[in-house]
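Okay, here we've got a single chain as structure tokens, the form predicted alone, with questions on binding and movement later.
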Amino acid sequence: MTRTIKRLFSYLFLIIASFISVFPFYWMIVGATNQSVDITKGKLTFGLAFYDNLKNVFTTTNIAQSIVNSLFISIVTTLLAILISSAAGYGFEIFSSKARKKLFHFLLLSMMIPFAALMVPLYRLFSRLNLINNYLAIIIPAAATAFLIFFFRQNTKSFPKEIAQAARVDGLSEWKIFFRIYMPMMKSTYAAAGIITFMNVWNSYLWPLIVLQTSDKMTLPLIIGNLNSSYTPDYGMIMIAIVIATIPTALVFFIMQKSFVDGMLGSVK
């Protein structure tokens, strides 16, 4: 009897947690089909304003260009980040030296510094390099992060070192071992790191808001922010813009879902 009651409470908790998790997505999709006045009234059923909201958001904002900008920045940054961070993580785990542990601890310490403390020095640096209002000002700071290096190093612990040693004996260079053996075997880790980086860069708002100063350079989160900051915001347009912004990250996650789970578990394929 007690066991049955515990199971019922478990099911009840899971149902409530599922509802809380799914409701924002449902509200977002329903809101995209309703007019602004219906959304403010709290209407939770589908409406007939989907096409009008879609037309308005593409005709009154520069959202098409912002989607291209966001895709370009996110894809380039993700590719650079997983390449540089994986090479660093591989080096930290495979090669031994007296300074390795101290350098890695120093790297981990940098994760404690909040980004707000780095914004002014970063802005001054990129201003002196004449890279304000340039995509490089967003790509370069995110091209290698302490978290990703730590993530790759921890996953590299499961990489069989004997294979690398055997490859060296056969005369394979270290770069060839990295590209031909390490990268294919760690593809789940790369998938997980790629998803995390892509989602972070795609959703990034504060730093792009500071360094991107013209409308043709703006990313999708900045366009959505501008819609919300108007005197009379059109919530139907905002909702459909959020739906558009959610689609790429959802697609990336669902396509690479299995590899993401394997990568987070640190498994080697």
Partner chain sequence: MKKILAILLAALFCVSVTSCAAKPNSPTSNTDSVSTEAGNEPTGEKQKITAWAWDQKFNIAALKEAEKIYEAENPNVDIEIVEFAQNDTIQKMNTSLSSGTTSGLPNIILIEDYRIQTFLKAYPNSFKDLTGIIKHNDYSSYKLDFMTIDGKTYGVPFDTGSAVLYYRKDIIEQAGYTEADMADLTWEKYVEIGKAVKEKTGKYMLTLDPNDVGQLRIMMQSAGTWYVKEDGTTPNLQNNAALNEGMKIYKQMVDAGIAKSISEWAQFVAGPNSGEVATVPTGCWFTPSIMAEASQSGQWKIAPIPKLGAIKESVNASNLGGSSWYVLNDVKGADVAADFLAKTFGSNNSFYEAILKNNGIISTYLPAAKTDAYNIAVDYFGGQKIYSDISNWAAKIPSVNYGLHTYAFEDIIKAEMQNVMAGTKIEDALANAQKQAEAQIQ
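Residue numbers count along the first chain shown, from 1. Predicted model only: the values in this text are computed from it and were never measured.
Heads up, the form predicted together with its partner chain isn't pictured, but that's what we're talking about next.
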property	result
Heavy atom within 4.5 Å of its partner chain in the predicted bound form - the one residue of 108, 136, 163, 113 that qualifies	136
Listed residue that, although its partner chain is not shown, lies within 4.5 Å of it in the predicted bound form (heavy atoms), from 49, 201, 218, 57	218
Contact of residue 72 with its partner chain in the predicted bound form (heavy atom, 4.5 Å)	yes
Any non-hydrogen atom of residue 103 within 4.5 angstroms of its partner chain in the predicted bound form	no
Interface membership of residue 130, its partner chain in the predicted bound form, 4.5 Å heavy atom rule	yes
is_contact(residue 68, its partner chain) in the predicted bound form, heavy atom dist at most 4.5 Å	no
Joint contact, 183, 226 and 229 to its partner chain in the predicted bound form, by non-hydrogen atom at 4.5 Å	yes
Its partner chain in the predicted bound form: contacting segment from 151-159, 92-100, 121-129, 166-174, heavy atom within 4.5 Å	121-129
Contacts with its partner chain in the predicted bound form - residues in 18-40 whose heavy atoms fall within 4.5 Å	37, 40
